[in-house]
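Below, in structure tokens: the form predicted on its own, a single chain.
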Amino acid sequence: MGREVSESCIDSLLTEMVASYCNQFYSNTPELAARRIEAIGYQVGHQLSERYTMDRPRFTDHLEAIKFICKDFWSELFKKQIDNLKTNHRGTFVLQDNKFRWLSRISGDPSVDNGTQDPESKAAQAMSMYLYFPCGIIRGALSNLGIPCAVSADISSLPACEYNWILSPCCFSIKYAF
């Protein structure tokens, strides 16, 4: 039996990490804060992927790795599988999670604002900062599985969230809806 960490501890850690990078370390440059948060997530995802696959045979193709991410890896992190996986068979994947746990308890925090924007825009920007960490986790996990990629998130319709994965010649998208 593996060691587990309380979900409330992870929520608090994510909240404090985002607040520290956005309000203290890089308060004037949100792009740098986002990059640092994503880089931390990348390291976490890379190491978790290594841990979860060490007793498995190496994946022979991208589809096996993607299935692993959607089922096993996601289940380990979020205690559920991805709700939906779509592809256009040309390298674009859309992964949807209808109840993404890490955003379910986060409200739009106006303290993570960077200018004079309307309240909805401030809330969306604050919420988007919390998505860089899971983007990094996904990118790190895929990188460890031999799939270099870029991952981004879109939260145009809060609280729904869509992640876009862009692999070397391919593209992934992950959707979260609540």
Partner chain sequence: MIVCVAVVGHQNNPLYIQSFTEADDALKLHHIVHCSLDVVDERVNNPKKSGLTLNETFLGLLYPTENYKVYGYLTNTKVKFILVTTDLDVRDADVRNFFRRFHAAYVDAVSNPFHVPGKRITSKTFAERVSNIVKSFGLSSAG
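Numbering follows the first chain given and starts at 1. Computed from a prediction, not measured in an experiment: that's the story for all the values here.
Just so you know, the form predicted in complex with its partner chain exists too; it's not on screen, but the next bit is about it.
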**Prompt:** When you measure heavy atoms, are N23, P30 and E38 every one within 4.5 angstroms of its partner chain in the predicted bound form?
**Reply:** no
**Asked** Is there any non-hydrogen atom of L145 lying within 4.5 Å of its partner chain in the predicted bound form?
**Response** yes
**Prompt:** Hey, in the predicted bound form, does T53 get a heavy atom within 4.5 angstroms of its partner chain?
**Reply:** yes
**Prompt:** Would Q47 sit within 4.5 Å of its partner chain in the predicted bound form, counting heavy atoms only?
**Reply:** yes
